[in-house]
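Okay, so here's just one chain, in C-alpha cells, the form predicted alone.
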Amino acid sequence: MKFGILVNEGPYQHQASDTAYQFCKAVLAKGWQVQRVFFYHDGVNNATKLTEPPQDDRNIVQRWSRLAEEHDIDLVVCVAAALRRGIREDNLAPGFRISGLGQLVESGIQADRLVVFGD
C-alpha cells in the first residue's frame, strides 16, 4: 500500500504534525510505503531549520528530516505557503524541498490513499 500524507499544521501549535509523523512510522513498520509528505498552510513551519525547541522537548523538524533520510521519503513544502511565512530554500531543514501544489495533486493520483492531518 502506498500513502500520500498532507500536513496542514505547524510543529508546535497542533498535534497534527506529531500524529502524521507517528502514522508514517506505523506505515513503514507494516512494510508499506510513504510516497510523499506534503506540507501546506502552517504545516510548512515543519520544514524550517531555524526551529530550536528546548533540549527536553521533541525536535519535530529533525524527526521529519531523519525519517526522510532513512526511508527515502519525499518531503515537499508548498512554495506559496512557505514564502508567506518566510521559509525559503536557504532556511529549509535537510530532506525538505520547495515545490508547488502539483506535487500534492500528483501524490493524490499516485498513492493508494491520501491522508490529511490538520484542518
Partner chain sequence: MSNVKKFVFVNRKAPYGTIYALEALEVVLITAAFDQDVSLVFMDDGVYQLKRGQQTQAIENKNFSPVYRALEGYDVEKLYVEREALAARALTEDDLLVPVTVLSSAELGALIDSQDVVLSF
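Residue numbers count along the first chain shown, from 1. Being a predicted model, the structure only gives us computed values, none of them experimental.
The protein also exists as the form predicted together with its partner chain; that form is not presented, and the subsequent description refers to it.
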Evaluate Ala93 for contact with its partner chain in the predicted complex, applying a 4.5 angstroms cut-off between non-hydrogen atoms, and reply yes or no.
no
Hey, in the predicted complex, does His71 get a heavy atom within 4.5 angstroms of its partner chain?
no
Residue-level question: is Ile60 within 4.5 Å of its partner chain in the predicted complex, judged on heavy atoms?
no
Under a 4.5 Å heavy atom criterion, is Ala111 part of the interface with its partner chain in the predicted complex?
yes
Interface residues of 1-25 toward its partner chain, as seen in the predicted complex [heavy atoms, 4.5 Å]:
Leu6, Asn8, Glu9
